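Below you will find one chain, with nothing else, as structure tokens; this is the form predicted alone, and questions on how it binds or moves follow later.
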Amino acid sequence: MARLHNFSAGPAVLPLSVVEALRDNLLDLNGSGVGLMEISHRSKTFQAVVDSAEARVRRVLNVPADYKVLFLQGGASLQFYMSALNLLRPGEAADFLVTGVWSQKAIKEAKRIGDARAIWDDAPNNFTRVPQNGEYTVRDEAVYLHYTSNNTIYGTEFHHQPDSAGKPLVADLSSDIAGVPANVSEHAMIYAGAQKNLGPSGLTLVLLSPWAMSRIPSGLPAMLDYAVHAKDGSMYNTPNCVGIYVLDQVLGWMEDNGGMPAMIARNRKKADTLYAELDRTGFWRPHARPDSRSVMNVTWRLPSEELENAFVKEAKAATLDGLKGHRSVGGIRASLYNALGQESVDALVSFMTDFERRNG
């Protein structure tokens, strides 16, 4: 079977060794005689998987010992509401840096709970950049500051930690977690859908500081209560067993290949290679400002939609898949997550050079 170069924004490419391990363990999980999708989540065999996954999360991401690590469901979209429900009291204030669609959705859900306000919003400029520190003012009464680290649709990314003016920092790291520098200990809460750098869709990683745990009010619905999930070790209900297994394997692959420092260096090289081609001529039209360009999701336009459609079609025929831009903005998007190799980016650049020669 020929595997394509997979530039999909998510669910995204996985390391081939992880896919092969998943294939084998679907039949027999770690010699138990029962397949991964069939085994009880209460079994000792699967508990060992959960324990390994949590230990690897803590090692790879350098998670402080007093933080809780949760494996939840519902994606980042559920966390938009669940984070506010657990951290914000009715009438209290929370500030947001609005840098794209996902932060727009996050603030919309937080407004159901309290006074959620955008203190910086680039929507009028079609989200071409993220703010620099000093361009916004965190309210004195804000309980926390929320930001989205990487914007998959528009291809922008924070390359610095936002200044929260001493307030707890809450971050949606769904699309660049484990692929760029991030200091967990300087965040009160981090959440991330797994389907970019960590594993398959349907699993969400949540990291909670002692401050975040102390904010949880009593009487929340059990499935929306971080304290319930923490108390039961992410086993309050049947978890996404396949997702936890794959996350454990992906983090193991990362450890075997140099950990986060190696991933960060690989990703920077891949992005530099592609941006160099985009900047080579005026044929390509990158969306993001240079100081806000994403390492994970590179977005650009061509001179016409007809050329963009031809680009995507011809790229697929050349084994380059997943390059169509998000349906809401169009254009071209190449996602360069951890498991995508440099050879895929080199193949894309070679195709781009030829496409411009024929159509420029």
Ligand SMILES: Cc1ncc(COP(=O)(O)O)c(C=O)c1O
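Note that the coordinates shown come from a computational prediction; the quantities given were computed from them, not determined experimentally. Start at 1 and count along the sequence shown; that's the residue number.
One more form of this protein should be noted, the form predicted together with the named molecule, which is absent from this view; the next part is about it.
Within this chain, Phe158 is remote from the site of the named molecule in the predicted bound form, having no heavy atom within 4.5 Å. Contact annotation for Gly75: at least one heavy atom lies within 4.5 Å of the named molecule in the predicted bound form. Looking at Trp102, you'd find a heavy atom of it within 4.5 angstroms of the named molecule in the predicted bound form.
Remark: Ser175 counts among the residues lining the named molecule in the predicted bound form, judged by a heavy atom distance of 4.5 Å or less. Site residues Asn267, Trp300 and Ser344 are none of them in contact with the named molecule in the predicted bound form, judged by any heavy atom within 4.5 Å. Stretch 195-203 is the answer when you ask which of 216-224, 195-203, 123-131, 279-287 has residues with heavy atoms within 4.5 Å of the named molecule in the predicted bound form.
Checked against the named molecule in the predicted bound form, the residues Tyr154, Tyr245, Phe80, Tyr144 give one hit for a heavy atom within 4.5 Å, which is Phe80.
With contact defined as any non-hydrogen atom lying within 4.5 angstroms of the named molecule in the predicted bound form, the stretch 331-360 contains no contacting residue.
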